[in-house]
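Quick setup: one chain, the form predicted on its own, written in structure tokens, and binding and motion questions come after.
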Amino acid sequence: MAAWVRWSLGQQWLLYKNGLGTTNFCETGCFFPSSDDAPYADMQHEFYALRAGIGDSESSASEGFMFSMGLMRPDSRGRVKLKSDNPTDHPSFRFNYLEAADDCKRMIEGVRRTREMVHQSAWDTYRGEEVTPGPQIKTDDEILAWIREVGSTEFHPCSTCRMGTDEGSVTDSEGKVHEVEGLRVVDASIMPNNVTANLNAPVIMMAEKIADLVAGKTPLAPLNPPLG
């Protein structure tokens, strides 16, 4: 997006509180099961009332709509490794997206279910021709190849310093690093596993609770509201 366009959007919002600057473009979404066999809502949708090249350096918005789809609780596991004994050297990250066969299967099923949603009658007024991956992409192999080509991260990594008591854990339930004095980790890396949600709210919750422990405050009593 050109600089003058960004400036214009900002001015319109500051002066009139309207225009494209008032929206983050994904104001609605849902969690849904990738198939009838999924044991929980293992996929997330974010819906955009436009078509655009997400992440492109130049604006490409046009008429239409699109979804972004993310996998909840992936089985694929990455790694973080030190490059050297120099603490100023950045570590090496490998995320290993779609390493696990079940992750690939669920993503493929998620694409198929998304197509089912879009072909419901409520979309008849708005639906045009499928642009990507396109109606010609049909088989599992074709869908997976498209996912690998266009897929990207939503920046929700976690569990690299997971809490626990086994040999593979790094911290305890208070974020203290095992066998290291005076060091805590308080971010998404201490989560034992991912959750069916974005990580912002869970990390805030963990940080507030551990901050109370550091400050010597008595933790709040558990709250168990009735279900249903």
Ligand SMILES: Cc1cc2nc3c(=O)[nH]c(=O)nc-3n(C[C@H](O)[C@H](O)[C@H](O)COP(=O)(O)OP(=O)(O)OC[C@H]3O[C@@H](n4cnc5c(N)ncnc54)[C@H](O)[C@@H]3O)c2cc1C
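Worth saying up front: this structure is predicted, and the values here are computed from it rather than measured. From 1 onward, residues are counted along the sequence shown.
The discussion below concerns the form predicted together with the ligand, not included here.
A188 within 4.5 Å of the ligand in the predicted complex, heavy atoms: Although the ligand is absent here, A188 would touch it in the predicted complex, with heavy atoms inside 4.5 Å.
The ligand contact at S173 in the predicted complex, heavy atom, 4.5 Å: S173 lies outside the contact set for the ligand.
4.5 Å heavy atom contact, L183 to the ligand in the predicted complex: No, L183 is distant from the partner.
Interface membership of S169, the ligand in the predicted complex, 4.5 Å heavy atom rule: Contact with the ligand, no.
Contact assignment for the ligand in the predicted complex, among R127, R73, H156, K105, heavy atom within 4.5 Å: Going through each option in turn, the one that passes is H156.
Position in contact with the ligand when the complex is considered in the predicted complex, options S62, T28, T165, N200, heavy atoms within 4.5 Å: By the 4.5 Å heavy-atom cutoff, the listed residue in contact is N200.
Residue stretch of 94 to 102, 78 to 86, 148 to 156, 112 to 120 approaching the ligand in the predicted complex, non-hydrogen atom distance within 4.5 Å: Within 4.5 Å of the partner lies stretch 148 to 156.
Within 82 to 100, the residues that have a heavy atom no more than 4.5 Å from the ligand in the predicted complex: Counting only heavy atoms within 4.5 Å of the ligand in the predicted complex, no residue of 82 to 100 makes contact.
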